[in-house]
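Before any questions on how it binds or moves, here is one chain, the form predicted alone, in structure tokens.
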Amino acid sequence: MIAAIASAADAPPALQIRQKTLKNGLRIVAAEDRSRPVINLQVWYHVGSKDEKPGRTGFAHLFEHLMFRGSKNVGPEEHMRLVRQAGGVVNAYTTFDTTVYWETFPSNYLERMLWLEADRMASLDVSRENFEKEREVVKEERRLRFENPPYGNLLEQVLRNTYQRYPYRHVPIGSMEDLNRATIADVRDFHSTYYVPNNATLVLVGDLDAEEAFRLAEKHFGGIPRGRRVPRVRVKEPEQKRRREAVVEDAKAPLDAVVASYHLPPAGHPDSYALEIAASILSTGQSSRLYRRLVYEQQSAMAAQGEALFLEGPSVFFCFAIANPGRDIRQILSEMENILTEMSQKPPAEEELTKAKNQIVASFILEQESMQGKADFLGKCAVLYGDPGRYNTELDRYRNVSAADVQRVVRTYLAPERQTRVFLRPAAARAK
């Protein structure tokens, strides 16, 4: 009984979730939270980089920019100005699976914000001028984030080698070559296919009346025509049965690095919770197993970390290390593998398991303190899990993970034959 009381005490309050779907297919998910006089509004378009055709990558991210270039009744950048004039904040982001546009604002501006989002859903200005301007902005972003920093292209190399067929092979920023050869016709076709009401979910959390919010959403979005049937990714990633290896060079990298990646089940899979806890034990913070062994005890690596990247499709765990000068990168990888083997042979101690759970629970609760955090997770449950009600039950799935569960999933999913190893070496090393 004491445990049940403690569990209830550190759980965020449940949301009362309401749903409605308009005739044009737009899904609305709303939750009232009167704790503060603000609302977070999000429009989730179920399109990300995985939906892009080969040779036409970067389009979903390009529309993250184009959606602020104006529509029939809103001028370029005016969307942002109107939100900020109301005292709100506004932005967008693109992932492998979705593109999300959001704003947080005083609750008395709800109808204005609905009108803004409806106007660009109905009449975005996909002109050649806007396309060419934003394409240059995206290309510059790619140079800054991927091409200029040391190890900036490492994630691209890892995904390209980890996935053989599934379109997670490329990152949302897209390739420079694909962006250069994209035509205005390609971009308009992508927009008319995916940025339609029947591929969107409107998420509203905050100081609102759900029935009134539904009425206003019907008023502003209800007249937008339904789009054609939205294509979905049908490709299956083949099961990996043998270890794969690649060696790549990076002219800007000062030291050798290695990444070991492993295929995981999709986000929301019953094993994903134990895997997330295993990833935390391995790689969260300086007391994690990877960092403690490689950086503190052996001093073979200057950095060691890992992450479980849970996606709508086949997901991935990767751990990586950057070697200290003079240290053998293959020996570092061997030690990383030893750490995984130890976890597969012996369950984690109760103290270590409790610490990992506490880290995840704390992060979960802190992220949902804001209206935006609540809407982010509600949107994820609605769009990627297909069930917004999971918002109120996900925390218990982490709490129910046992030490034996962690050992089992490490043995199953982080097995040697499922590994893809990518060595990155400085280009100068080859010349020696």
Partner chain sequence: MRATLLILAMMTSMTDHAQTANRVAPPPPAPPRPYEFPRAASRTLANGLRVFVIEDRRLPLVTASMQLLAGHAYAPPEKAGLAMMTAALLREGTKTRSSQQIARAVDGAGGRLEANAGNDVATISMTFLKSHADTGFELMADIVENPVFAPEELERQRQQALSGLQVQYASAQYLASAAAARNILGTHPYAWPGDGTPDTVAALQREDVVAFYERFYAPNRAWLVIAGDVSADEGFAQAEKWFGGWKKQGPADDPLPPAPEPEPRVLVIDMPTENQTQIAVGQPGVPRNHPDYIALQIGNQIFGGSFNSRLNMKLRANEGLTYGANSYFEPSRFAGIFEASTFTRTEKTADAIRMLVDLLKEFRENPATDEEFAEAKAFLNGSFAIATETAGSVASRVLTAEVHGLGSDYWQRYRERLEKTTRAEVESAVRRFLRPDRLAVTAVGNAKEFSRALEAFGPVRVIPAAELDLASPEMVKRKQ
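Residue numbers count along the first chain shown, from 1. What you are looking at is a predicted structure, and each value in this text was computed from that prediction instead of being measured.
Although not depicted, the form predicted together with the partner chain is the subject of the following passage.
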*asked:* Given the stretches 155-163, 178-186, 234-242, 299-307, which is the single one in contact with the partner chain in the predicted bound form, using a heavy atom cutoff of 4.5 Å?
replied: 299-307
*Triplet Pro76, Asp207 and Lys252 all within 4.5 Å of the partner chain in the predicted bound form via a heavy atom*: yes
_Contact label in the predicted bound form: Val137 to the partner chain, heavy atom within 4.5 Å_ = yes
*Heavy atoms within 4.5 Å of the partner chain in the predicted bound form: does Ser288 have any?*
yes
*Is Ala362 close enough to the partner chain in the predicted bound form to count, meaning some heavy atom within 4.5 Å?*
yes
_Contact test in the predicted bound form: Met371 vs the partner chain, heavy atoms, 4.5 Å_ = yes
*Scan Ala122, Leu311, Leu82, Val248 and let me know which has any heavy atom within 4.5 Å of the partner chain in the predicted bound form.*
Leu82
_Among the candidates Arg215, Arg145, Arg128, Arg330, the residue which, in the predicted bound form, approaches the partner chain to within 4.5 Å (heavy atoms)_ = Arg145
*For the stretch 26-59, return the residues whose heavy atoms include at least one within 4.5 Å of the partner chain in the predicted bound form, in the order they occur.*
Arg34, Ser35, Arg36, Pro37, Val38
